[in-house]
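One chain comes next, on its own, written out as structure tokens in the form predicted alone.
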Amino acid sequence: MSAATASLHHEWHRFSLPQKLARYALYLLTVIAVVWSFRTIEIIPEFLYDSPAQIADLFVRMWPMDWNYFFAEVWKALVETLHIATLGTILSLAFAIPLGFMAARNLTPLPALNLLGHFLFVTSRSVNSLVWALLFVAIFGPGPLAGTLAIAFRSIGFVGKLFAEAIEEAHRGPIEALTAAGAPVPSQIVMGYWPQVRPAFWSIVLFRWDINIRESAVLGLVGAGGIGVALDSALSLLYWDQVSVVLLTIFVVVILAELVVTTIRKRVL
């Protein structure tokens, strides 16, 4: 091999040395985090070994189910849960839509307002629904009002952020045509932006409603109304045959809500 040929010969490597070191460092940090997590949560081996027997005993206590509890308490609480999820979703739209317009950089070219909108989205999403529920229970007292407001304030960040992103992805052609024709901003929104973001908007709303049904099912554990109240009552009294009825009801409702949302998206959107 001549010197010229040798100078052109290069050995190919998938990763450079700094990249390899970074990957090994990431692996090491992952292992350290996992080991540290296991040491922190303090798993008690005796409880871990005994868990299969405890689970089997729990299922024995749950059967047969007390269906009288469904008609006496669960049905009313279930309807309340659906109302909380639906009204909370609708209420969130009243805040999320204006904030979405404000956060969209192509519609509101003011960095301060964009930053404020995204800050409110992050604030809404960073607080869990149960924490919102605890806050509103302390303010308004226990009941479905606290649950509805918790669902609404939790949903604002989700709906508003995705709505703002849908607006920013809208094609500029129709908006520029409306602007050149002298259309005011409201007309640009209605005729230019809305037809483009409408499918994404309704998909976001339906998806969030589906999520809210699941989240509202446990808000009753902190006194915010819904089927969680029936679950908390049965758990407190150790009536496992009633607990199984509530859990089965929640499971069925979640599956039905998923089917409803999927069907609506296929037929309407």
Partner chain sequence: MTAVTPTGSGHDARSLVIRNLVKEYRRGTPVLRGINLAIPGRGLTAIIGPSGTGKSTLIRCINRLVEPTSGEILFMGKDLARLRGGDLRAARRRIGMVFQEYNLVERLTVMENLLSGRLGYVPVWRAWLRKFPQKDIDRAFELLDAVGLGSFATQRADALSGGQRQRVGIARAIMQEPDLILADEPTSSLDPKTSVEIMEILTKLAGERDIPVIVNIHDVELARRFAQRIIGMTEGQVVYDGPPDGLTDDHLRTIYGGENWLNERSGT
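Please read these numbers as outputs of a predicted model, since none were measured by experiment. Numbering follows the first chain given and starts at 1.
Just so it is clear, the following notes concern the form predicted together with its partner chain, a form of the same protein that is not shown.
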Determine which one of 132 to 140, 153 to 161, 83 to 91, 180 to 188 lies within 4.5 Å of its partner chain in the predicted bound form, judging by heavy atom distances; exactly one does. 180 to 188
Mark residue 168 yes when one of its heavy atoms lies within 4.5 Å of a heavy atom of its partner chain in the predicted bound form, and no otherwise. no
Should residue 195 be counted as a contact of its partner chain in the predicted bound form, where contact means heavy atoms within 4.5 Å? yes
Is residue 109 close enough to touch its partner chain in the predicted bound form, meaning at least one heavy atom pair within 4.5 Å? no
Non-hydrogen atom contact residue 173 with its partner chain in the predicted bound form at 4.5 angstroms: yes
